[in-house]
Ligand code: DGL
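As structure tokens, one chain now follows by itself in the form predicted alone.
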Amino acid sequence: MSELKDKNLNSGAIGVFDSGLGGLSVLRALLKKLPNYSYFYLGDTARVPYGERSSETIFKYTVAAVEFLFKHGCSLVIVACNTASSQALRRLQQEWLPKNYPDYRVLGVIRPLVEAIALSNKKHLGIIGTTATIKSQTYTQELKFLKPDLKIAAKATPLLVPLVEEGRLDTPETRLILEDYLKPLKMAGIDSLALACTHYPYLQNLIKELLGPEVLIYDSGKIIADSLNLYLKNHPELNLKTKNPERRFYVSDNPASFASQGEKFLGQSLKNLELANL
């Protein structure tokens, strides 16, 4: 039973959690769309990538990360990691949160993207993500429910997260790996692509080049930011807007490396970067 349970919800920051650098693509969109909020970012750099781990391990890691952000002043957390969203979010929302932090909120990144895809006029979707995300079939199941006629071709692309974490966004090796991953999707005739991992938008220019201009790539960061904007409007009781927004960054390992790459990805200095004990 947490000491935070009785805390009034009408205060606090918005937490953004990812296994590493990927969630910065979401944070960048949030800062652009919703600048008048405090954001605390947590990257679990000690255990990235999550994509090849078991569901139970991913759930355990996600709980630890969310609880860390709650205890450090967040009352709303966005799980900006598709692997964690697909493997842990529902259980966290339905079981863990009501029991431990009933007044707090946790949102994922899958549902907003699914809803945007369902409203599109595209007919044949490609999905790339980590092994865990693709194996969960969360995207496929939710899309088939909302848009039964949509053709879907999903491909696990496990090597991409390490490449992004290393900053290798357009090297010959990255290009060859992406060509190999995208080849079956191109052969299947996709007309659109969902980047089912928040690391992948950093590879978007190369992906566009390899797929061609006729394939629509969904802008997941913008979609998530628009969704959160609507959520906050529908829940004015959260009252999280502030005149003096604060930015904090936490990582579970190697803050110097994270800062070096993260400043490039976020497009601004990563001040207030601290080591997190998860």
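Given the structure is predicted, the values throughout are model-derived calculations rather than measurements. One rule holds for the numbers: they count along the sequence shown, beginning at 1.
Beyond what is shown, the protein has a form predicted together with ligand DGL; the following relates to that form.
In the predicted complex, at least one heavy atom of V48 sits within 4.5 Å of ligand DGL. Using a 4.5 angstroms limit between non-hydrogen atoms, Q87 is distant from ligand DGL in the predicted complex. At a distance threshold of 4.5 angstroms between non-hydrogen atoms, V161 is in contact with ligand DGL in the predicted complex. Within 4.5 Å of some heavy atom of ligand DGL in the predicted complex lies at least one heavy atom of C197. Figure note: of the listed segments 142-150, 170-178, 78-86, 186-194, the one touching ligand DGL in the predicted complex, with heavy atoms no more than 4.5 Å away, is 78-86. Taking a 4.5 Å heavy atom cutoff to ligand DGL in the predicted complex, the contacting residues in 117-140 are T130, T133.
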